[in-house]
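Just one chain follows, in the form predicted on its own, and it is written as structure tokens.
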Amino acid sequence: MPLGKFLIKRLLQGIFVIWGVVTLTFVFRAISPGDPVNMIVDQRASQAQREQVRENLGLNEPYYVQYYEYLQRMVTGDLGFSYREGRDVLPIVLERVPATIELAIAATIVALVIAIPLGVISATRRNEPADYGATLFSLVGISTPNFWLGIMLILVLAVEVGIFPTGRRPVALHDALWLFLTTFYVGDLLTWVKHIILPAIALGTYFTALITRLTRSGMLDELGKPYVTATEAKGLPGVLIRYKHVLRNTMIPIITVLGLQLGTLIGGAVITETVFSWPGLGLKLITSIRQLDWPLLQGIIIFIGISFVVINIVVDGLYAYLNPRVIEE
């Protein structure tokens, strides 16, 4: 199958998945208790005023009509109108995206910086203390809930030791970078780094443990192959063999998981952002649930779903490009 046809197939599957997400969010809103009109009008409003608001929002229409109009709005990029904030949902979502992406990328960097060297050391020193330590670390990392880890990091490193702030995002990365590039002032950039370290560790710990395990198992498979013995016989340094030849052949599954997990990190940042008051999509999602702001809640879920699908299609395309056998299978 050609690569283009493969990507079109993945794209159609992605559209079907997005349609499923949109439909489920509509169904959940329809069957959830509570009248949306009560969230908009004052409690002292008359019945006539309530009916007028209901008619303006189209809530007096049958569900199939509401669903049809809902799909029409989604196709045109209209995610609805937030009852609580009094403005369109799409700008609210887009305002929060940079903070979530910053956190997801920072967590990914933390994971890669720790996991790949740890996985290589664990594989090359199999059944030695370093291997046992790395295996124990990965087991603890996978087993530890990120919300509990986040709270512990705040209590120990922010409250008791006081070397990191407890949370928040006083400055955006793009603003700090722009200030640094235009004035060489590094203060805002350091402030951003200081505030994102604990959330990135909390969110990236599971990812770190997963990549450590993948790197270790991939390295062990490659180290037993004849080309490694041949390069050793040629007298190449062990570090060169491990990091240039063996690790490179181990990277394809790691890159695949990296892309897939980036989507998971964006969706999984809900709890971490709440613990650290990080103003991203996750924190806004929790706020919209508390306020029963269904249009905003639906918009955030649909946006996360679309992001996850797009990232998966890109990863599938890269993987198929690097390994054409995937298309044939």
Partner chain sequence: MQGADKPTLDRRTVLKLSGAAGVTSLGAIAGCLDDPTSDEDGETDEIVITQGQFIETPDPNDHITGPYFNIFDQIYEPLFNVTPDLDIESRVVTDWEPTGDGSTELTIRDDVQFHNGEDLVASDVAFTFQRMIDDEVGPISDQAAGLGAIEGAEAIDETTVRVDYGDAAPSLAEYQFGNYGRVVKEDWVGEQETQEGAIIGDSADAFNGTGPYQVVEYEPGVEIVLEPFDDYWGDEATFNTVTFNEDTESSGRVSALQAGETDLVDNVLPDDVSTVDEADGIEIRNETSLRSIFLVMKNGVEPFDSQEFRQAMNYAVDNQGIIESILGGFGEPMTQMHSEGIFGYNPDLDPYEQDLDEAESLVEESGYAGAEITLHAPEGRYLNDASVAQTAADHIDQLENVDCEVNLRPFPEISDGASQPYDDDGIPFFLIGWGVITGDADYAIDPWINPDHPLETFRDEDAFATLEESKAESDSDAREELLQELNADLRDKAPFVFLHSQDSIYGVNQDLDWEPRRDETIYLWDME
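In this text, the rigid core denotes the largest set of C-alpha atoms whose superposition between the two forms falls within 1.5 Å. Everything numeric in this text was worked out from a predicted model, so none of it was measured. Numbering follows the first chain given and starts at 1.
From this point on, the text means the form predicted together with its partner chain, which you will not see here.
With a 4.5 Å cutoff on heavy atoms, residue 35 counts as touching its partner chain in the predicted bound form. Residue 42 belongs to the set of residues with a heavy atom inside 4.5 Å of its partner chain in the predicted bound form.
In the predicted bound form, residue 60 stays away from its partner chain, with no heavy atom inside 4.5 Å.
None of the heavy atoms of residue 225 is located within 4.5 Å of its partner chain in the predicted bound form.
For the options 137, 81, 180, 147, the residue carrying a heavy atom within 4.5 angstroms of its partner chain in the predicted bound form is 81. Taking a 4.5 Å heavy atom cutoff to its partner chain in the predicted bound form, the contact residue among 197, 97, 258, 142 is 197. Contact with its partner chain in the predicted bound form, defined as any heavy atom within 4.5 Å, is confined among 64-72, 22-30, 258-266, 289-297 to 289-297.
The putative spot formed by 121, 154 and 159 is fully lined by its partner chain in the predicted bound form; each residue has a non-hydrogen atom within 4.5 angstroms of it. Of all the residues from 78-94, those having a non-hydrogen atom no more than 4.5 Å from its partner chain in the predicted bound form are 81, 83, 84, 85, 86, 87, 88.
Residue 39: CA moves 2 Å or more between this form and the one not shown after rigid-core fitting.
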